[in-house]
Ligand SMILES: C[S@@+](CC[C@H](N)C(=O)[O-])C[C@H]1O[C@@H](n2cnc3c(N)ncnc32)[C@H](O)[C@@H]1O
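Starting off, we have a lone chain in the form predicted alone, written out as structure tokens.
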């Protein structure tokens, strides 16, 4: 079985699971807490580097059903400047119906766009779903190919989770820098360990999650922003 086929089958099974789809929703206070932490961190980085979203052509690699598009619109991007690629056909169709023809079904390793077409290229937990090193490198090369000089790359992914799922592989800082060697990346550690955060929420509620977040401990993910020379 090819790596792309393995990923398709894995996510088709995940999408068919009511338990998983029911958990990963903003109605879940734990998921909402993690999403809000990431939003604050993304906006802080974009503001620090004066990234102007209004004129920016933005590509979301592995966009799923397009859930992140609403965030980019709230943050100042324009709908006709938002593009996405998604490997799974059902997710791509859903995103296409919601957001229009700029969402296409494609592999991140073969992006259907010209060189230097985008001002900002992003991925959210795509690399951790790829266990094959060659495919990871191919996706990274494609992301850099379609990013214009002076454009920005934004990455959010698991860095050290100790997850034993054979379909999951962390993306530690050293490998992230190897995948994007030409980019000076500014990094932030985010996302308290999910199992621990769930236990804290059950015992102490939102205040407990906020207190734990403020310690800066038990972070499992990395947010990275870098500008192409």
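Positions refer to the first chain, counted from 1. The structure displayed is predicted, hence computed values, not measured ones. Between two forms, the rigid core is defined as the largest C-alpha subset superposing within 1.5 Å.
The following text describes the form predicted together with the ligand, which does not appear among the structures shown.
Residues 7, 62 and 130 are all found to lie within 4.5 Å of the ligand in the model of the complex, as judged by heavy atom distances. Distance criterion of 4.5 Å from any heavy atom to the ligand in the model of the complex singles out 135 from the list 144, 154, 135, 77. Just one of 140, 87, 158, 82 comes within 4.5 Å of the ligand in the model of the complex, counting any heavy atom, and that one is 87. Taking the partner from the other structure, the ligand in the model of the complex has no heavy atom within 4.5 Å of any heavy atom of residue 102. Mapping the unseen interface onto this chain, residue 98 falls outside it, with no heavy atom inside 4.5 Å of the ligand in the model of the complex. Not displayed here, the ligand is kept clear of residue 204 by more than 4.5 Å at the level of heavy atoms in the model of the complex.
The closest heavy atom approach of residue 67 to the ligand in the model of the complex falls within 4.5 Å. Residues 106, 107, 108 of 103-117 are found to place at least one heavy atom within 4.5 Å of the ligand in the model of the complex.
Once both forms are fitted on their core, a CA shift of 2 Å or more is seen for residue 99 between the shown form and the other one.
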